[in-house]
Each structure stands twice: as structure tokens, then as C-alpha cells.
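Listed next as C-alpha cells: two forms of one protein chain, kept apart as structure 1 and structure 2.
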Structure 1
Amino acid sequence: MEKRMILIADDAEINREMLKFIFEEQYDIVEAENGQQAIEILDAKAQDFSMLFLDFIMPEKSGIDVLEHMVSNGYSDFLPVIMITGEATPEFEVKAYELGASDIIYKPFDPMVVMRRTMNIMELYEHRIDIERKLEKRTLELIESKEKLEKSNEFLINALSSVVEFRSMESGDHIKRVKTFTGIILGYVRKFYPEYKLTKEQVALITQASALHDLGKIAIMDSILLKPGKLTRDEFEEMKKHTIYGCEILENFKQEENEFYRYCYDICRYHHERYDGKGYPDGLAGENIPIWAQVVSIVDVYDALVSKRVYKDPYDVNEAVRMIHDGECGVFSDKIMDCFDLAKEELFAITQREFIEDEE
């Protein structure tokens, strides 16, 4: 509903009457004889006014006092103010503008000029408020859309990772631990290596995406995937293709310019790459391997070592760390190793707690 009220705060009755004469046909006029009255009226119904005409010098409270009160209570955000004065120093003018006054009109004033300037200011305010409301509405829509997308992503991850668990006969705890470990190590990467420019939001997305690192195992034959003994060379070459198969599966869920999809894809494809270029499938080396894939890589290796698999018994956590440090599981960057060592005690505690619960 359009606001139809103007407040005129001036201790001179003649000035109030002149302004009232200009606007009374279009607006309901409310008058205040001093600054204190103006403040009381504003506190009661500031939202109802379209404009405030405010004299600089008044009894009890000055125009500047009223402006300061408006700023402290947020009235200036939606109510335009035109200062009216017979004379004012430059210091007063600057102060008024700093406190949000839209214009200053000097007495005596021309009615047509006052009318035109007032209407222009009100239109600008209404337009700005309309834009802000639309932006606020759009922001809420985007937040709601983002939340829906995150829930959709979480459902998709849970569904696909459950299929991987079922196919590979692995406990769901493996994927849960990979996600937990990934989040922990990413926290250290973000803290100590700002050059990667990871945000909290990115860390959350990458942590979610890590659950799909072995998605491609869905496409590996049972005779290879579940083989209890050592794989032949040909079988191992086929097993390595799970990095490619995972990406092919993800293509069915591709969303253009989607950051989450990129993390899922990179992790699926590159979590077996190694810093010295001796990994697979593409033989990437150094920082050509995305940092999120590097993190999931060391996490996957660690959990594979300390977990029981169809082809091996679990290693002790300290032995697993030694093997990783000695390069028995491939080469990792100094930065990744640093973060792994910083996270080591947390990883140990989670590992021991998980396996004790499994035994019970």
C-alpha cells in the first residue's frame, strides 16, 4: 500500500503552513513544532511516512539530533529527509548529508521547485527500496535453491556410494571414514596453505564429493573386484579403469558450470594419481593434480591400509603411516604429507574407535 503521509518538523508555523499548502492535496500532513515531537512521532509510525521535512534549528532537539536518532533506529533506510533552513554553515550541511539527508532547501523557497525536488527524491527512494526487496527475494530464492541442490546432491551421493559398497562388499564405514578424513585434512590445507584458496563452502563440497571416489568400481567384474588373492597384470589394468568408469557414470549427472560436479569428477579420475607422475590413469604430476584429489588420494591409501579387505588383513596405524612416509604407496607432496602428519592423531583416534565398535 502506497504511503500517503508527510511529516513537517519546523518550529516556525509559517514554514509548516507553506509546505502543508504545497502537499495537502496529495498527502496527509502531520506537523511537529520541535525536534522532540518529531522523534516521538517517528517512533510511533515512521513506516507510514513518505517524506520528512526537517528544520535545522528547533527547540528541545535540533534537526541534527533528529537525524542521528533516525540513523540509530534504522529509519533513514526507508524514509527520505529534506532539510529546510534559512541559513546553514558548511559544517552543518556536511553533517546533515553524512547522516543521510537527501537534500537541503533554503528559505524562502519556490513551491514548484520544492514539489519537483520532493517528488524526485521520493521516486528514487521508492525505486531503491523496490530493488532491495527484489534482491532480497531473489537472494532467498537462491538460498532455497542452493539448499534443495545440496539435499539432492546428498541423496545422489548416498545412493551411488551405497551401490559401490554393495558391489565391492565393503562396509559403509569406509566411505564414512574417507569423508571424515578428507574434511580433517582439508581443514589443515586451508589453514596452513592459503595459496590453494579453499573456502569453508568448498571444503564442505569436496568432503561430500569424496564419497564417490570409487564410483567406477560399479563397472568392475566381480571376479576381479572380489578376488581374494593378488590380481594378475591384466586384472590390475582392468581394476585401474574404475577411475575412468566413474567419470563415465558421472557424465549422466553432469551439470554445466557446477562446482560440485567438478570436484566429483576430479576425485573419481585423479585419486590414484601420484605427485611423481607414476599414478594412473593420466600420469599427472605435481600440482597438475587438483588439491582435492591429492587429499582424497592419501586418505584412501591410509584407510585401505588400516582396513581389512578380501585380499589382506589390516595394518597397524603406525605401520600404515610408515609405509606412506616411505613411499610404499606412491609419492605425495610435502604439503599433503605435512597436513597428513598434523591430522595423524585425529585419524588414529577415529580409526581405533571405528574398528573397536566393529569388533563389538
Structure 2
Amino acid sequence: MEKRMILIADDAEINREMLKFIFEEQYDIVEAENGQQAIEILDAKAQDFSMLFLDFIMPEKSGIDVLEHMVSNGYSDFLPVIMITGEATPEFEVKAYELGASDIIYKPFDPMVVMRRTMNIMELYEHRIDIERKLEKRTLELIESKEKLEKSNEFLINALSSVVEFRSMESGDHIKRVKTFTGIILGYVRKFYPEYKLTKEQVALITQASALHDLGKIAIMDSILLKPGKLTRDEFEEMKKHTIYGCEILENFKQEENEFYRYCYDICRYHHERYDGKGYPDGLAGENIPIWAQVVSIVDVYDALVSKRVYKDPYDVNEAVRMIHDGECGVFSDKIMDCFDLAKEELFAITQREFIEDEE
């Protein structure tokens, strides 16, 4: 380990020397003849010092000036200061302690006492800095592992949801777009409708959960799922059950307390409910439909309209918006319609970009 350094700021050479002889065998000593010099040395390498001995009354800048400089530059956080003084002047002392000085030593001082007190203070500081470093490292590790976990979670959700798309012979982009659109619209809900009390973290979780909205389609037989023409009434009734099937799959891994599970479950089950109660499977109405399911509903409808499917050609984006506004795809709340309108230009831009990419 490198030899540590001590800075002694005192205008009298003898006083500096008397401190120096105590410490010079174990430490490298740097001297400052006045407050200004001390400040300059600190600005250059405050980090290198383990202790500062500081005289109160010095030419140029006083000891108090030096302390103030240390506080405003953050040096006080890691560099302990022992004030050296010839007399007890309460106002100076209170000020020095307020500005972070660790101790005050009076002249004439006993070298052994100075040595012991200095060691104690340095140990205390080193110990504290060591603990802070460890804590910082641990926090970083925790953040890292949390990020890793989130990434693998996202990967698994994407993999799982793409299984459904793969079977439906869809492009694989529907889920990606649903996630993106859900995130955008939730952003507006959060901003303009604080009554839903959505947090940033919730928005992130709901966005992830939206990928699983059609999970239940994995349980729909090919003859219905992949049928190019119009479904019969019975076939459509079966198709509607994908909302229930999705929940049944999820229930196998039920996590009662987990909010992410709640979002996944609600979105699977309620993303075909409508605000007027005319949706399925439960015919929930109004705000009984969780806000996250309401958002995924409108997003799912919009994307279905503008996408090519086995049974239909894509609609133009403006036509899709008109149809949603006219209630041709069911009723959404005014708040959801408002957020959809706020978001539609962004949604168009993404839709356009993907279609151009598809053509290339």
C-alpha cells in the first residue's frame, strides 16, 4: 500500500515541524504556509490525504475559509480535519465543528495525545469510507442482477408469446406492436388521468404482460384458429374461449401476491371486454374492467385492423381510427379514446415503418 499523506496548514514553521516529527515516519507530510496554499493543494489532490491539520488564524485565507472551501467542494466527506489552536475561542470552535472539523487540539500539544487522537479519527473515517464503498458495490451488484433478471424475464415472455403467433402463422410483429402501443397509451393514461395512479414501474410491467394477451389461442384447434373464411357461430364461441384458456394456463402457476401475475391474468381474460358490458367472456362493464385490460383491448383492435390476417386485408390507418371512433369494434371509455387519439400519430408512424420494412 502506498504511504498515505497528511497535510499541515499552519503559518509558523515550528508548529508545522512539531506536528511533522510526530507523523513523518509513517506518513508523507505536505505543508501549507497559509490558507490559500492549503486550498490550492486540496484542489489539486484532496483525495490523496488522510488527514488535515489546520490552524485557525493564518494569512491569506483563514482556517475557517479552508473549511468552507472543503464543504462546498465535497472534500469534507472523506478528509478529516483537526484544528490546531492556541486558545479557546468558542465562536471559532462552534463554527469549525459546524463546518465538519473532527477535533480541536490546543497548543502546546502533547505529541502522544495528538498521535492517538489522529489515529482514532483516521480509523473512523477509513472505516466509514470502506463501509460506504462496500455498500455502493453491493447496490451496483443488486441493480445488475435485477436488470439481468428483468432481461431474462422479458426474453421468456417474448418466447412464450411468440409460440402463439407462430401457430397462428402471424408475422410475429403483432405482439411486438401491441407491447409498443400499450406502452405509449399507458404513458398518456399516466400523464392525463392520474386517478388511475399508474406508476412508471407499473407501466413497464403491464407493457410486458400485454405480450401474453392471446396466450389462450394455443389451446384453440387449428381448424378454427387457421380458418381463412368467416367462423361459424359455434366456431366463434370456441374462439372467444381463448380468453379463458389463457387464464387456465396461467392459473397453473398462480402467484397470488404478484402484481405481474395479476396484470397477465387480467389482460388475458379481459382484453375483449367492452366498456358498455357487451364484450366477452364475463361481460364486465365500465371501470370494472381493469385499466390495463382496457388499454390492451383498444391496442389489440387497432393493430388487428391495420394488419393483414388470413381472413382479411389491412385497413388504412385513418379508416381504422374512424371505425374505432364509430364504435364498430365495440365501446371504449372516453378516457381511453382520448389517450388513443393522443397516441395515434405515434401509432401510425410505427405501423407505417413496419409495413415499409415488410415490403422491403
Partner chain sequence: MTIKECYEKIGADYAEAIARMMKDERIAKFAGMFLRDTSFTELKAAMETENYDEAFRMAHTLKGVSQNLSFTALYGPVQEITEALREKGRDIDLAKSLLPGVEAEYERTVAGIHEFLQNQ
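All residue numbers here refer to structure 1's sequence, counted from 1. Rigid core (definition): largest C-alpha set, two forms, superposition within 1.5 Å. No experiment lies behind these values; they were computed from the predicted model shown.
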Which of the two shown is the form predicted in complex with its partner chain: 2
Rigid-core frame, C-alpha of Gly100, shift of 2 angstroms or more between structures 1 and 2: yes
Exceeds or equals 2 Å, Cα of Pro111 between structures 1 and 2, core fit: yes
C-alpha of Asp326 off by 2 Å or more between structures 1 and 2 on rigid core: no
C-alpha positional change at Gly35 between structures 1 and 2 - rigid core reference, Å: 14.9
